[in-house]
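We begin with a single chain expressed as structure tokens, specifically the form predicted on its own.
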């Protein structure tokens, strides 16, 4: 038992160190900017030598990749939790609000996820997978709205998904660019999210499917 326990303790300690590295990286990015992250600065903040950091992340891009995955997982999970706790008619609004709240509370990761501030950085397939799952969740919910007669089938098309994400991300980007210190509750642009949802439902109301 002791032989098996030792590797498990080492694994937990390694994961703890990885989490600490990522937390420190976010803190530095909040003060210095997303693209200004420095491995040496991360090492200094943690009290370790830079070569020791390479045992956990071989490059700065590897840290960005892990942060991208962390953010994508958190957004996906926040929306799922919000949708599961809402009445059927309010699920899309609840998920959209959860997305907006998370983004306003985690603006550094939001920039990394949606603004592409790092030249040459592309998330790995593993890091990008939660974002793909989030889009699949959105499409599945919109399909439920189609099946219940609330939306035209075109709402689940590639154009429909693109329009929905562009509208919501556009409002969010305006909020972060113009009032980054505001909260979800009092942000001037955040207040437009219900209007965005209404516009989407109007654009894809079922009767439009009869138009030529």
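Positions refer to the first chain, counted from 1. Here the structure is a predicted model, which is why all the values come from computation and not from measurement.
The next section is about a form of this same protein that is not shown, the form predicted together with a further copy of the same chain.
Residue contact check for residue 41: none of its heavy atoms lie within 4.5 Å of a further copy of the same chain in the predicted bound form. Of the heavy atoms in residue 27, none are within 4.5 Å of a further copy of the same chain in the predicted bound form. Not displayed here, a further copy of the same chain is kept clear of residue 61 by more than 4.5 Å at the level of heavy atoms in the predicted bound form. For the chain shown alone, residue 170 is a contact residue for a further copy of the same chain in the predicted bound form, at least one non-hydrogen atom being within 4.5 angstroms. In short, of 66-74, 146-154, 30-38, 46-54 it is 30-38 that has heavy atoms within 4.5 Å of a further copy of the same chain in the predicted bound form.
Heavy atoms closer than or equal to 4.5 Å to a further copy of the same chain in the predicted bound form belong, across 146-176, to the residues 159, 162, 163, 165, 166, 167, 169, 170, 171, 173, 174, ordered by sequence position.
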